[in-house]
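What follows is one chain in structure tokens, specifically the form predicted on its own.
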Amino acid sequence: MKNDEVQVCVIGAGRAGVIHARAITQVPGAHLAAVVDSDHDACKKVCQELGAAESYPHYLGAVENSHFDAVIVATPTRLHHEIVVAAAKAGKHILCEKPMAMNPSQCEEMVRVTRENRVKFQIGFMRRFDGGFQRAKEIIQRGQIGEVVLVKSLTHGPSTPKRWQYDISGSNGPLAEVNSHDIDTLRWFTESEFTKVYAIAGNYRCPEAREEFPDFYDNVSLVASFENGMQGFIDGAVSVKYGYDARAEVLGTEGLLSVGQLAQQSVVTCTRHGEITQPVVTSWRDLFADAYLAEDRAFIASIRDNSDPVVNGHDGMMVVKVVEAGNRSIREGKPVCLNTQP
């Protein structure tokens, strides 16, 4: 570490990379040293805005740089495996955005290599760092709603997918790109592993993808059972247009808990025309800005304190296993049992 600060390189200058880069500039004990992206203009723009001294067109040049202590991987999922393995072998601590990788085999190697090289490895499930979701977890653990029976989680995204996301073989679809957070929320709230999933899906809002990518789905429903007998349900959608929507509900034997809201603020306007209006959250970057900052703080703290990351490679791998099982269920039209052993 230089000047007792963790030198961080952000790999990926897209939406997630930028929010992480901005967060790192606000974390005491951390310094944004570099940004990596094949898009030279995007990379330079982030560096100039946030004061990063170095930029790279390829991740290898960055991970081979001896004065970086850590990397944050915010690239398309298909690149996560190779970047994480290279960074671990170079001795860099790693925060990897979700989904962790394309398949469980890649996840297993990522976990193994990071352990062998004794580097911290954290997965980007930022809802675990959101104040509302943390409060919900505390209420569940205290037994205020009795024993958990059912956990429901939904994520609806407003934007139309990029073309590469239409190819399920290259993106793993919305179950991976959107609902990874919901899968992790169910694991977190139930404190158990998925045993069986049944998923149905369809393309309702993206007609431009139907001919070339007939397997693409923009809406998915997944029902699940867990090792401890609890039940789960996930509702996922993209291109919904109306706003960014992330909520969860937990039904217990003695009560009900809900967390998250679509409204951006508590102000509601009623007019003489008989209309009631309330601003809607438009982006995950707005809804979870504080959670991203807390997530990056925790990552830096684990490096400085030599403590275990809050969300680790095992958590990431279990989610990828559920994504794989869910997509198989959609293809085959039947329930799929999971082997959740690491």
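From 1 onward, residues are counted along the sequence shown. Model, not experiment: these values are computed from the prediction.
One more form of this protein exists, namely the form predicted together with a small molecule; it is left out here, but the text below deals with it.
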Fill in: Heavy atom within 4.5 Å of the small molecule in the predicted complex - residue from Lys98, His81, Arg187, Lys92
Lys98
Worksheet entry | Contact residue in the predicted complex, from Gln48, Gln26, Ser38, Ser307 (heavy atom within 4.5 Å of the small molecule) | Ser38
Worksheet item: Okay, which stretch from 231-239, 134-142, 177-185, 202-210 lines the small molecule in the predicted complex, with non-hydrogen atoms inside 4.5 Å?
Response: 177-185
Discussion item. Even though the partner isn't displayed, in the predicted complex is Pro104 close enough to the small molecule, meaning a heavy atom within 4.5 Å?
Written reply: no
Worksheet entry | Partner contact for Gly12 in the predicted complex: the small molecule, 4.5 angstroms, heavy atom | yes
Discussion item. Is Lys162 near the small molecule? Define near as a heavy atom within 4.5 Å, in the predicted complex.
Written reply: yes
Worksheet item: Would Ala74 show up as a contact with the small molecule in the predicted complex if we use heavy atoms at 4.5 Å?
Response: yes
